[in-house]
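First come two forms of one protein chain, each written alone as structure tokens, so that there is a structure 1 and a structure 2.
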Structure 1
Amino acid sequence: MYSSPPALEKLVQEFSKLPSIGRKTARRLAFYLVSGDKKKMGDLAEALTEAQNRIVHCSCCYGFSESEICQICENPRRSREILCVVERASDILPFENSGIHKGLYFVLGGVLSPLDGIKPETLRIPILIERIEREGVKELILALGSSPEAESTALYIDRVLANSPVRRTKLARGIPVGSDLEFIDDVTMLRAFEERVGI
């Protein structure tokens, strides 16, 4: 019985660890890379190494950056009074692409999921609360998606801030239940953002 060379099998295994990549797609990607131009493989390897060495989390919002503080947090034209809380760093992109948010961001690092061992202390909730108090944030937009876990996370943060004067809002309905923000079209995102509601 034929078996792939170990290096090729390892490449397939690494691709299959990526989100939304099944074994068949991982095999197709690996075969494409090793069958084609070696320069393409070298370019990919170089890009991965560069990303590993240069990309860090912003010390302020925890988004992706190549410096200690990202371009968004450094920008003096951004409103310091509005803070948009997202689950993952990749969730910042749809807001920036549509240009609907003129404030700052905060990446929570996930949503509450006790069955998966993700509790309030696992996330950056204490850091978020400290930042709200320190920077005098006036509105907190909880843009955590529409899954049950995201809803319970928003309610938890709302309870923690019960005695705080900060206005707490969330995206309006229109985001399909359970969908990731990075896959929402601009029009739906714009409506959900502009018509945000109090928690």
Structure 2
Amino acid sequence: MYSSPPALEKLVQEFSKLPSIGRKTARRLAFYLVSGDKKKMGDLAEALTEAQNRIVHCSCCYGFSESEICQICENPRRSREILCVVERASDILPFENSGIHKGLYFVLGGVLSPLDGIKPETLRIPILIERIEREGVKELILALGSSPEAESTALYIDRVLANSPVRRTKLARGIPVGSDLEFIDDVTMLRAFEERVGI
């Protein structure tokens, strides 16, 4: 059985390890890079190596950063009193794009899942609790996902802080702005209806 040159096969294989990239797409990407200007391959390889060497987790919020403390955490104009807790570092971006959040972030690193052995200590929950107390956080926005695990993680954190003066909030669920009602899924409709607000 014929196969492409080993270096090409290896590239296809590496691409197909990426999420949402199947064997066919991986092959198309590899052939595209190999067919064209070889500089494109070098540029991508360089960007990868740069990212590998430079990107670290901010030691304050655990988001991505190129320095010990990220630009959000070290910004003196951001409120230290409102802390937005997200699951993954990539969840910070949509908040920053909207520009609505003036406080800081905390990346939890996942959600509780006892069956998979993910306990409070596996996540950064103890670090979060300690930080809330140390820095006098006034409001904690639990911006976790809507999976059962994410919801129970938010509930768990809420319960741990039951005797703390910190206000705990979560994002509103409902109909996305600009969405047509007929395309709304059942669960979102249920939430939007249950959590309807006065006009």
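Quantities reported herein were computed from a predicted structural model and do not represent experimental measurements. C-alpha atoms forming the largest set that superposes within 1.5 Å between two forms make up the rigid core. FYI, numbering is relative to structure 1, first residue = 1.
- Only structure 2 is derived from the form predicted together with another copy of the chain.
- Note on E9: its Cα is shifted 3.1 Å between structure 1 and structure 2, core used for superposition.
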